[in-house]
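Shown next as structure tokens: one chain only, the form predicted alone.
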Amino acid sequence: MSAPARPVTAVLVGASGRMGRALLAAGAARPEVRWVGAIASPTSGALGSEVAPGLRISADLAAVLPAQVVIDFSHPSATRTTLRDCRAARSPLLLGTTGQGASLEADFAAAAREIPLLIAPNTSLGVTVLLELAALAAGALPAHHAAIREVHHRGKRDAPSGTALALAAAVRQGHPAASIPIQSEREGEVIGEHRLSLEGEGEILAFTHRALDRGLFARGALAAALWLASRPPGRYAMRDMLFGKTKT
């Protein structure tokens, strides 16, 4: 009988946030993941707190690298530093932080030449499938008018959300000329809901994804991180894990 594979060493950036807490909880149930670092902002009140046996939150990512994979769900202002430290340590990076806009595209391209880089505005496996369906449907129904509605909790900073923008981009893959209005709403503690409608003459085709618990994003992120840890350098998306990589 062969010996069991060693757990993948992972570092979590954004350990004190909502997604950070969900990832730590999900990781506790995955013996193939071993946290070796938990990072938060230098101003975080959580610094020094123990989030797993023997693991305390710190503010120095470089000090806990290299690792087999880094997962970042922090703040867009920290993305450049995370990219720099991961490149220096040659550590794969799953970036779940959204809101950077187009300003970091050159940084992403440079990083992807040196490390595996997976950029995921949404780590739900269901949303990943939804994006594929959106491109397929838009391409098959070029005369239909697309519209997107997204709802998140009041604490969600970016509007439209990264998922809504990814959904619009997926529609444009199938119908490049599409003009796509996005309605963004922030209310209560809604985890996340996205609806794409394609309206044609006499019919409406609609796709809806509703997140029922934040743990689904954590489970998807961990699955993607484990997959990413063994990839060669390059830029990846969630779809590559499910459907195979077809382009850079």
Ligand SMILES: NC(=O)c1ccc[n+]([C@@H]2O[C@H](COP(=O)([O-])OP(=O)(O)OC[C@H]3O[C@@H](n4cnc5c(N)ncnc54)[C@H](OP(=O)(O)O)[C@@H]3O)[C@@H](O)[C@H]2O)c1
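In this text, all values refer to a predicted model and were calculated from it rather than measured experimentally. Each residue number is its position in the shown sequence, starting from 1.
Below: the form predicted in complex with the named molecule, not depicted.
- Taking non-hydrogen atoms only, residue 98 approaches the named molecule to within 4.5 angstroms in the predicted bound form.
- Not displayed here, the named molecule is kept clear of residue 87 by more than 4.5 Å at the level of heavy atoms in the predicted bound form.
- Taking the partner from elsewhere, residue 175 is found to have every heavy atom lying beyond 4.5 Å of the named molecule in the predicted bound form.
- Using a 4.5 angstroms limit between non-hydrogen atoms, residue 16 touches the named molecule in the predicted bound form.
- Interface residue among 78, 115, 151, 130 relative to the named molecule in the predicted bound form, by the heavy atom within 4.5 Å criterion: 78.
- You can rule out all but one of 179 to 187, 201 to 209, 26 to 34, 40 to 48: in the predicted bound form, only 40 to 48 has residues with a heavy atom within 4.5 Å of the named molecule.
- Looking at 201 to 227, the one residue that comes within 4.5 Å of the named molecule in the predicted bound form, counting any heavy atom, is 217.
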